[in-house]
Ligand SMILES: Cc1cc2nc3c(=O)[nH]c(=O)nc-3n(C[C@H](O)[C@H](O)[C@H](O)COP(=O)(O)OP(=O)(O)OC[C@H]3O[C@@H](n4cnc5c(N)ncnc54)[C@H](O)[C@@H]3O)c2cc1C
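Read the single chain below, which is given as structure tokens and is the form predicted alone.
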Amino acid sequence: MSSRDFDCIVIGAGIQGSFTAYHLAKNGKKALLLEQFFLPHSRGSSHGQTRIIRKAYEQDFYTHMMEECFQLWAQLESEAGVKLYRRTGLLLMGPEKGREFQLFKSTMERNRLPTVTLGPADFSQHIPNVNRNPGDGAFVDTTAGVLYADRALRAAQEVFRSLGGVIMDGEKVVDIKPGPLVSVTTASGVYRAKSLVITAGPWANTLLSHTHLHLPLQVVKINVCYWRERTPGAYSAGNRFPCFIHVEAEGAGHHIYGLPSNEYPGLMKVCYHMGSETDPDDRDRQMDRGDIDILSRYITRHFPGLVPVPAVLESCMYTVTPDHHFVLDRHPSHSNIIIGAGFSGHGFKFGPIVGKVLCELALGQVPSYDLSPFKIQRFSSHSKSAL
């Protein structure tokens, strides 16, 4: 092979692409990981210091995938020699008789996952400084916690490199030519590979346009908000405060979630799980603060120990599918082009498994998991193909 010929090229060095490259290298394949920005960067969806990791989900298939995911995260911790996970537990709250809360609860029960149910009488004892809604149920996913995102992304890339993988950053893809050998053109030249994996986040459709495919992906800008503790440590991981998700929170329309104060001492991350549609190349012009108003009202009601004005405001992007499930599939017209997209703001924790199955698809292997929930075909009324 020449220096521009590979077994597989992966476009997009976020967590999904980096883990895909990692698994390809572990399978002894010559892999190239291409990234349009210079690493590290904060223009996509994989930056930031923390993410929630959890087994609590409405769907069994996500809960099943997370079992192995925890093992693979631990394996990466060992390989990289760096701490990537802190167990805090996850408090899940919502109207006890509401559909979403019941879906979460029944999935946990059906899969016999360790949980602690909190009734109204013992809630404040276990979860201080939080006002519970009348009629809300609450339980804790005790295996959940915090993933150190920036550190995890760097670790996956470093292990990939240590296995002989090649990362080329600052190389924006300007053309893709399908064929038995896929050609990928950047400003630096043309790379060729037997297979191509596209994990380009908000830029997925831009790249797929070269293959005459358009998926129903919506890109939204998320305001990542940090709120100051009135009493330092009141909501800290050190004081065993958990992550939380409040489903069907009144007046919201989408989940509200939070992580204990950790990365910024004295500041707790609390965010709205949706944002306003944006162009990924022009996102800084998107100044909508409607979600921040919702959060300020929410914090005033439920978190009296936080100042209800954000102290730090950062941003990232979600690439959202109509059903909020991922796309993990082969291109409908080119079987050696694999697509990982639409992670809808809850995909980071799945990086090790997403990378594993995208690697398996790229190598023509039978995937380890049933990928029917993630097929492109489910968008038959949405997706457009010019072929």
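Remember, predicted model here, so these are calculated numbers, not experimental data. Residue positions are given as counts along the sequence shown, with the first one as 1.
There is also a form predicted in complex with the ligand; it is not shown, and the following applies to it.
Inset, instruction - Using heavy atoms only and a 4.5 Å cut-off, determine which of N336, Q36, T63, T321 is in contact with the ligand in the predicted bound form. - result: Answer to the contact question: Q36.
Inset, instruction - Go through E229, E171, D136, E158 and name the one with a heavy atom inside 4.5 Å of the ligand in the predicted bound form. - result: Flagged contact: E171.
Inset, instruction - Report the stretch among 217-225, 231-239, 189-197, 80-88 that approaches the ligand in the predicted bound form to within 4.5 Å, counting heavy atoms only. - result: Careful reading of the contacts points to 217-225.
Legend entry - Any non-hydrogen atom of R51 within 4.5 angstroms of the ligand in the predicted bound form: Answer yes; at least one heavy atom of R51 falls within 4.5 Å of the ligand in the predicted bound form.
Inset, instruction - Classify P352 as contacting or not contacting the ligand in the predicted bound form by the rule of any non-hydrogen atom within 4.5 angstroms, answering yes or no. - result: No - in the predicted bound form, heavy atoms of P352 and the ligand never come within 4.5 Å of each other.
Inset, instruction - State yes or no: in the predicted bound form, is some non-hydrogen atom of I11 no more than 4.5 angstroms from a non-hydrogen atom of the ligand? - result: Flag for I11 set to yes.
Inset, instruction - Answer for I299 alone: is it within 4.5 Å of the ligand in the predicted bound form, judged on heavy atom distances? - result: No, no contact at 4.5 Å.
Legend entry - Non-hydrogen atom within 4.5 Å of the ligand in the predicted bound form for each of A74, N262 and F303: None of them does, since no heavy atom lies within 4.5 Å of the partner.
Inset, instruction - Counting only non-hydrogen atoms and a 4.5 Å cut-off, give the residues of 194-221 close to the ligand in the predicted bound form. - result: If the 4.5 Å heavy-atom criterion is applied to the ligand in the predicted bound form, 194-221 yields T199, A200, G201, P202, W203, L207.
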